[in-house]
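Laid out below as structure tokens are two forms of one and the same protein chain, each shown alone and named structure 1 and structure 2.
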Structure 1
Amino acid sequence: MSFVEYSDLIQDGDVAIIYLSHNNVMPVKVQQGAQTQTRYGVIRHSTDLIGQRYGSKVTCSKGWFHVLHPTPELWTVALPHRTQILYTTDIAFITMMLELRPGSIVCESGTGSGSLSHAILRTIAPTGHLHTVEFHQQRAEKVAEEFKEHRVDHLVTVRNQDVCKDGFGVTGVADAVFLDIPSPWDAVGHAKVAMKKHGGRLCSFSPCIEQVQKTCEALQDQGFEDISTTEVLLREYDVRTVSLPLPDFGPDPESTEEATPAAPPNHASISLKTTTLPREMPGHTGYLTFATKPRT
């Protein structure tokens, strides 16, 4: 099992995703002889998981669940939160705007819970590399442990340092840089140093517009071009079937036919698909500021 390569069968040591319901998804480290308690009963790893195909439906004493192969999208909704994380809506837009592809070299700070990191690793595999910097020592150690457990550690280098003071630890290698720190304007200079001479893309995630203003000023001072800021909001429409009555306009007044006795009322109706706006929708997460480093 790897987050960047698909496997058919569940093996001892894998990280599997237990799908109990739409709002109840949990990661499980598969171990010979281990057990996991769920609302539907106990999961016995040796008999219920190991050797089964990913996607299988497993029956417990009180119900059933599906066991899924891990993906960055599933990891985002199932991971243990050590920090606030980025979700798939923002992650997809970031990946596109940074022009990431297999073989890209990416610098990231801060790593946090590793939500974006896993999506980057899948995109740049098998020949790319991620240099990620985390200021907090325990978080850096934990995410490095998870990368090894998820078998993507060969694609990533984790550094525990202050990116605003010490930079990314690399020079002239990055195709793209991502910043998710309280003061990204202090790291813009280090980001420029880490990027390749022929240029590259930068993205900064900030929840407050004041942070965006200072970051844009720093980007302009460092010679970045094409500076723009975007806010991504997701609105899901509810598609449903409705039944509408057909109107009865009565007899045609211009008809020359002889009048006939009044027919009973016609209650005919027609069914059709329609969409309605959601009553609630996710609000503001953060502002995404993008910029391009020109060739030097």
Structure 2
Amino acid sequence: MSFVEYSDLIQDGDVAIIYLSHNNVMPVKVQQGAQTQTRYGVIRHSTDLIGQRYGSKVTCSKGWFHVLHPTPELWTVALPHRTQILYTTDIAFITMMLELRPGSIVCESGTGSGSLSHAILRTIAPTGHLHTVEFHQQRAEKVAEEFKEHRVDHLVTVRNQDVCKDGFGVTGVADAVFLDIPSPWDAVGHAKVAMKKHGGRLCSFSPCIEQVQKTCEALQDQGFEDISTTEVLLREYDVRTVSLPLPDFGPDPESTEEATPAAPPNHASISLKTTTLPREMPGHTGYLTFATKPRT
């Protein structure tokens, strides 16, 4: 198992994803002899997990669930939050707009809880590299630990420093830079330095429009081109069958023999498969500002 390569069987030391339900997903560190408590009972790693296929069903005393192979998308939903994270919708858009692909060299700050980091690593493997900067020491240590557990540490370098003061720690190597920090305009200059001479792509994620304005100004001053700001939101549809009652207007006085031979009996309702939308949906995560660094 690794986050950048599928395997079929669960092994000791893997991180597996327990899928209990739509909104109930939890990571489990698989270990010989260990046990995990869930609302459906106890999972005994040695018998229930190790040696089983990913995707199999595990039955416990009070119910059952499936064990899934970890992916960055499942990790995003399951990971323990240390900071506010980026969700798959934004991550997917960022990945495409930064033109990430195997072999890309990427600089990222702040690492935070590592949600985006895992997705980047998956995309740039096996020949790319991620340089990620986190100014909070404990978070930097925790995320480095996770990269190791998830068998992706060979693809990433974590630096515990302030990107606005000290930059990314590399020069002229990055194809893409991602910023998710309070003052991205202070890091634009450092981003430019970290990027390759012949150019690259940059993205800055900011919840507030004032931050976006300042960042766009800084990008313009530093000679970036194609500056554009976008917002992406996910709408999720709930599929269900609904039953709509039909009105009873009384017997039809006009009915003649011409009435359809297979005249339908008076149905009380019509059933249809449709979608409903949630009462509330995420209305804002952050503004995504993209730009291209030209050749310098």
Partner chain sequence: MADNGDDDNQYRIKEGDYVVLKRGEIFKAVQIQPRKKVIFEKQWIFLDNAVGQLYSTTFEILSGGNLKPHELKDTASPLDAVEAGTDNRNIVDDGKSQKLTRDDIEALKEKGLKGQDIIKKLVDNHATFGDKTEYSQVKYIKKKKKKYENTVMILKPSCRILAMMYHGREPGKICHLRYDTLAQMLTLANIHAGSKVLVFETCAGLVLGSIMERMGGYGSVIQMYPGGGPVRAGVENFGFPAHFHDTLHEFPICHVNALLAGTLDTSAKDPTAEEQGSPEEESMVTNTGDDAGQDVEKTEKDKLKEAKVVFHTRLVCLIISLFFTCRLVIASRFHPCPVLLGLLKFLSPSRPFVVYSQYIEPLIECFKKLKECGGTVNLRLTDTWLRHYQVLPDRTHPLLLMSGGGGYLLSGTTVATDHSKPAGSKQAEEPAPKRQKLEDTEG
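Throughout, rigid core stands for the largest set of C-alpha atoms superposing within 1.5 Å between the two forms. These numbers were taken from a predicted model, which means no experiment stands behind them. When a residue number appears, read it as a position in the sequence of structure 1, where counting begins at 1.
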{"property": "Panel number for the form predicted on its own", "result": "1"}
{"property": "Rigid core superposition, Ser21 Cα moves 2 angstroms or more between structure 1 and structure 2", "result": "no"}
{"property": "Rigid core superposition, His284 Cα moves 2 angstroms or more between structure 1 and structure 2", "result": "no"}
{"property": "After superposing on the core, C-alpha shift for Phe249 between structure 1 and structure 2 in angstrom", "result": "14.1"}
{"property": "Value in Å for the CA shift of Lys273 between structure 1 and structure 2, taken after the core is superposed", "result": "5.7"}
